[in-house]
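Shown below, as structure tokens, is a lone chain in the form predicted alone; questions about how it binds or moves come after it.
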């Protein structure tokens, strides 16, 4: 089977910032983290993976096809934003069902799918609540349910746990690691948290100033190398 996602010599300029020669591939049912400081280009890379931008050079392949040749509705990509992007005027139930509604799925089927995903993510009791009444963890689960209900092949997550308390994070970490097998999808997420990257991902790509400096297994994250910038980046980790 083709790799879910491949960046091939991808270059993108956005204002004065540039992603430079990004090349990596995502394995089937893998959790892959992009780790970097604020301003390193993490979110821009993630949005590029969703096909939001056309490259100045190189390409992105989604299951072997140029992502920009695939209509948006057929890409089977789920995206969870850092601020969750829930609609404040809709209940959690309607937020979760939004993608199904846009695809004109019959109401009875929508209800079944919402209940199914709510059961999996333990949020059935909040379905009739509005986002402003939900805790951070509940909002995260709701946003996750909205993305997963469409059964994406690729799930993209932007700093997904940054606003959560440590205990809520710990519970969600355990659930995120079950998603690739349970939903038959791959996950690409970005973070500035070294510990989070190590706990969740099988492999970690390190981005410094728009350049993917290194890709390493999670257990080898702090292994020294010949790249002075990378060694400097790793030695400032609070978890090292």
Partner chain sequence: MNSEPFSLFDALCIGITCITVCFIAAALLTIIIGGLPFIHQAILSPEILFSIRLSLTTSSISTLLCFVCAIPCAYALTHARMPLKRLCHLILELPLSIPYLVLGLCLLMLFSSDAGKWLRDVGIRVIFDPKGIILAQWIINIPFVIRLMYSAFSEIDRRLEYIAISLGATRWQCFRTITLPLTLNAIVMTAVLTWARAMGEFGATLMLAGVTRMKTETLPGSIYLNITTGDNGMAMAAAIMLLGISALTLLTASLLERKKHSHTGMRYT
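Computed from a predicted structure; not experimentally measured. Positions refer to the first chain, counted from 1.
Same protein, other form: the form predicted together with the partner chain, not shown, and the subject of what follows.
Student: Within 4.5 Å of the partner chain in the predicted bound form, counting heavy atoms only, one of 72 to 80, 160 to 168, 108 to 116, 121 to 129 shows up; tell me which.
Tutor: It is 72 to 80 that comes within 4.5 Å of the partner.
Student: At 4.5 angstroms, heavy atoms only, are 89, 102 and 150 all close to the partner chain in the predicted bound form?
Tutor: All three within 4.5 Å in the predicted bound form.
Student: Although the partner isn't part of this model, could you tell me whether residue 173 comes within 4.5 Å of the partner chain in the predicted bound form, counting any heavy atom of the residue?
Tutor: No, residue 173 sits far enough from the partner chain in the predicted bound form that none of its heavy atoms falls within 4.5 Å.
Student: With a 4.5 Å heavy atom cut-off, would you call residue 146 a contact of the partner chain in the predicted bound form?
Tutor: Result yes; residue 146 sits at the interface with the partner chain in the predicted bound form.
Student: Pull the contact list for 27 to 54: residues with a heavy atom within 4.5 Å of the partner chain in the predicted bound form, in sequence order.
Tutor: Stretch hits: a single one, 52.
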